[in-house]
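Here's a solo chain for you in structure tokens, the form predicted on its own.
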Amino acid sequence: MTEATDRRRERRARQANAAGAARMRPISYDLPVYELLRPEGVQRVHDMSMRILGELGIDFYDEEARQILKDHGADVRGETVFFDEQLILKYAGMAPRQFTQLARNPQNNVTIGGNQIVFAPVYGCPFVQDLDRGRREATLADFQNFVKLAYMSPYIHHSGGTVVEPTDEPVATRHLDMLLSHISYSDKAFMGSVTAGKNAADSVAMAEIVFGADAIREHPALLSLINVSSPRRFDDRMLSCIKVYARARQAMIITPFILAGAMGPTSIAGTVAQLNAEALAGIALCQMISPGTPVIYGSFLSTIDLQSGAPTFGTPESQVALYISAQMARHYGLPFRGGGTFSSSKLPDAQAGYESIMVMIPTIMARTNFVLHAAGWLENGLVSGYEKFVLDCEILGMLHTWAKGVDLSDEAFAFDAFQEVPPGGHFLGTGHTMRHFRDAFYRAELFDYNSAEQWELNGAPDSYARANAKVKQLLASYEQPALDQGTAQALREFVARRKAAIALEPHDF
């Protein structure tokens, strides 16, 4: 291969990457939905959830939240709140079945709900890992790199939230740096901060600068992750954020975080009933604060190794729970969040691939609407892997193709090609093939399709090495999306002002 050929290939790759950043490829479900439970099974889960809510209740560690719940008909006893079925169904029914989240580039707005799916990056990892430097604490530079990688992938629809935890920035102000990075380095939709009510308010204020206060009340510009402190608790931090976001009519994912065997029982039926009760209680509170607030029914449910106590991912039990959780969300007419490229592996190796695909196949078959952790997850969520991220994006591309189902048009049946090819001939040169050779089949760039001899001549690289080179190529070719200078200046001034004010506040961390 000549140097000129290498340069031409590199130039084409840069052009493709730059073009791909502007051409986000949406994905919708044109496949039958897999439903594991029959209607009587759905009713059984619902009934047990109502029993949990009515007889055992949910703790809410915020006095104002408890008062709101009491004022709307819930039975409040100390910190524990009890709900009857009618109350839950009334308020859960106020949430929209689907909604649109604004992106800085209107072409990248995302619809959440119905038969739409949105892929978002890994979230919350304090460490990063790559082939060159190994495992290390994440920095703001790493955060910005992952925002860039998500922006450049046509198969990632959302910039996400805390794609890594930038440990080199002060805890009290790092949310400002993360939000500014999302807005500056990407024009896709992004998530708000949930580390404190004040930080949620900062998120709303920055979204108002970018989109306008009235616009984000009509369609949310923020989607934020509210985790339930399972079993059966909403802590004061999450409740403070719920109040801020609901009053600003910003979207939230109400997600019980359950590892069955630790934060839930060892039975899947019991754990899903608990998850359902916790999610519905949070969704009801959001609607009591502001009816019609967009919410997503969230599920983060996996298992533990009962011999060691370690979390396990890609397990068959957790995928059964995913199917049932998705059914319950549809039962209440709510968008559903679940799945991700989960793995306990420390490297993007065979274990990582097997575990991730064990989760993502059910994620698609269950018609999941929002997939957080769709790319980059390693080591039980402690690590965002650079190479794992781009390898996962290959799988997401395949899932885009799979989710289309089967084209039964006249063109797809290709009768003209049959007319051209005699018995024993081939289809390589037909008009139909020439019309479709560029887009007929998905081709994974990071998977090797060469012969063993050609692979050896190329240096025998494994997928880890190929992905490492791809990450470097992407980051080298990144071009920042345009941002209005007045908006950029207003954001910088807001961040500087808030950092100065926060510096004067007392902190517990």
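The term rigid core refers to the maximal set of C-alpha atoms that superpose within 1.5 Å between the two forms. Note that residue numbering follows the sequence shown and begins at 1. Worth saying up front: this structure is predicted, and the values here are computed from it rather than measured.
One more form of this protein, predicted in complex with another copy of the chain, exists but is not displayed; see below.
For the options 476, 440, 482, 457, the residue carrying a heavy atom within 4.5 angstroms of another copy of the chain in the predicted complex is 440. When you look in the predicted complex, the only residue of 214, 71, 407, 132 with a non-hydrogen atom within 4.5 Å of another copy of the chain is 407. Shown alone here, residue 469 lies farther than 4.5 Å from another copy of the chain in the predicted complex, counting heavy atoms only. For residue 218, no non-hydrogen atom is located within 4.5 Å of another copy of the chain in the predicted complex, even though that partner is not displayed. For the chain shown alone, residue 243 is not a contact residue for another copy of the chain in the predicted complex, no non-hydrogen atom being within 4.5 angstroms. In the predicted complex, residue 346 approaches another copy of the chain with a heavy atom inside 4.5 Å.
The stretch from 180 to 188, 156 to 164, 106 to 114, 418 to 426 that comes within 4.5 Å of another copy of the chain in the predicted complex, counting heavy atoms only, is 418 to 426. Residues of 227 to 261 that come within 4.5 Å of another copy of the chain in the predicted complex, judged by any heavy atom, are 231, 232, 233, 260, 261 in sequence order. After superposing the rigid core, the C-alpha of residue 426 moves by 2 Å or more between this form and the one not shown.
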